[in-house]
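What follows is a single chain, given as structure tokens, in the form predicted on its own.
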Amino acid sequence: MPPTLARVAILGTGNIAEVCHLPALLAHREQAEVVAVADLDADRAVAFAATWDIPASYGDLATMLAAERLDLVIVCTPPGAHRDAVVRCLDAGVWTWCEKPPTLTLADYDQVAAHEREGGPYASYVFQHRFGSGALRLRDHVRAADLGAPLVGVCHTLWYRGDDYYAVPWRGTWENEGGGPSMGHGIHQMDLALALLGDWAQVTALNATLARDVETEDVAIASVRMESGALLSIVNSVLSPRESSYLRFDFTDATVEVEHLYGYANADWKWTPAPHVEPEKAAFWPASTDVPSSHTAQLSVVLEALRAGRRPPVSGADGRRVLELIAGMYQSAATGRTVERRELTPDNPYYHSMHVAPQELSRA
């Protein structure tokens, strides 16, 4: 079990580390201290460490792991480097909290999981929208069946990314990003939808590259049948000038909606009772405490699990579910047919890659 003050390092010094992870760590300074940072650009690591008063900086992960006694490494590298970085940390006995997407493929995800040990270290992944009070309150209602059966869901990630965004070499490529907006953008809302509605059973999808000069799709749509029987509609886009992240769930007794962009508070949630529901009952549905969705909120849960030596949320099977759905979406879009969740086994090429060569599609 780690000491009360967890020793934390950051791998990768890009925008996500500075804008999201450093503020989260500072908010938890009584539970965690940042003792090191590493980046393949050693000069950038030095500058980052100086800016944030971090004691040590390194030009590679291996050197940092050998030199430092660490409890947790936060992985903020491009997606193509996630698997190897997380495996190296786990083998060194260090927990990880890795940015999305967890890995580029289901095969990579399962390879990472094979390096975990009972009681830790564990690999967990950044899906911070699960941890705001609005989503937690809805999750509790769903588990208790307070709102009746889930019937219809809408999951839209309508964002805008111009050509300048894709000037970064690894973006929009299969090798380094693993996919388009389904992997890099809509994955957040889809993860939250699945965390609330449970496992999916089948998916039918369409992908298109309409406006950006990229290898991957720039817009995707999908229809999903959940194991519960509920139907979920998904749209992921980087072509939408009026940006919005929107989730809607229709239950027997209520419609629950949230619209935001990169994070929500309680005020962004709308709870609408069905006509037959007494107002007094509906009055108790919304969350009373307001905790916005954020890296700060999820980090609290990660650190608590670390101290207790137990698997954190968004880890293991719980972190895999959304990657499995994305693989099914890519397979469906490429083959033009509905894909069953049970098909995504190691003998399926989409278990090993989100982009399968035409000659291999007959196996999919």
Ligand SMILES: NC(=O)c1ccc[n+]([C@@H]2O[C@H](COP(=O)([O-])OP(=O)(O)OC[C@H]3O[C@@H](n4cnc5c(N)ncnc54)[C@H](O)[C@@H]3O)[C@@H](O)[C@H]2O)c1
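All residue numbers refer to positions in the sequence shown, first residue = 1. The model shown is predicted, which means the values in this text are computed figures rather than measured ones.
The form predicted in complex with the named molecule is left out here; the points below concern that form.
Though the named molecule is absent from this view, in the predicted complex it lies within 4.5 Å of a heavy atom of just one residue from H260, R137, R171, R83, which is R171. Put simply, of D218, D253, E99, D108 only one has a heavy atom within 4.5 Å of the named molecule in the predicted complex, and it is E99. Residues G153, A195 and G229 are none of them found to lie within 4.5 Å of the named molecule in the predicted complex, as judged by heavy atom distances. T103 falls outside the set of residues with a heavy atom inside 4.5 Å of the named molecule in the predicted complex. Residue contact with the named molecule in the predicted complex: G14 places a heavy atom within 4.5 Å of it.
In the predicted complex, the named molecule sits within 4.5 Å of a heavy atom belonging to H295. When the named molecule is considered in the predicted complex, V238 lies well away from it, no heavy atom lying within 4.5 Å. With the named molecule omitted here, the record of contacts in the predicted complex names 125 to 133 of 125 to 133, 143 to 151, 87 to 95, 284 to 292, defined by a heavy atom within 4.5 Å. For the stretch 52 to 79, the set of residues having any non-hydrogen atom within 4.5 angstroms of the named molecule in the predicted complex comprises C76, T77, P78, P79, in sequence order.
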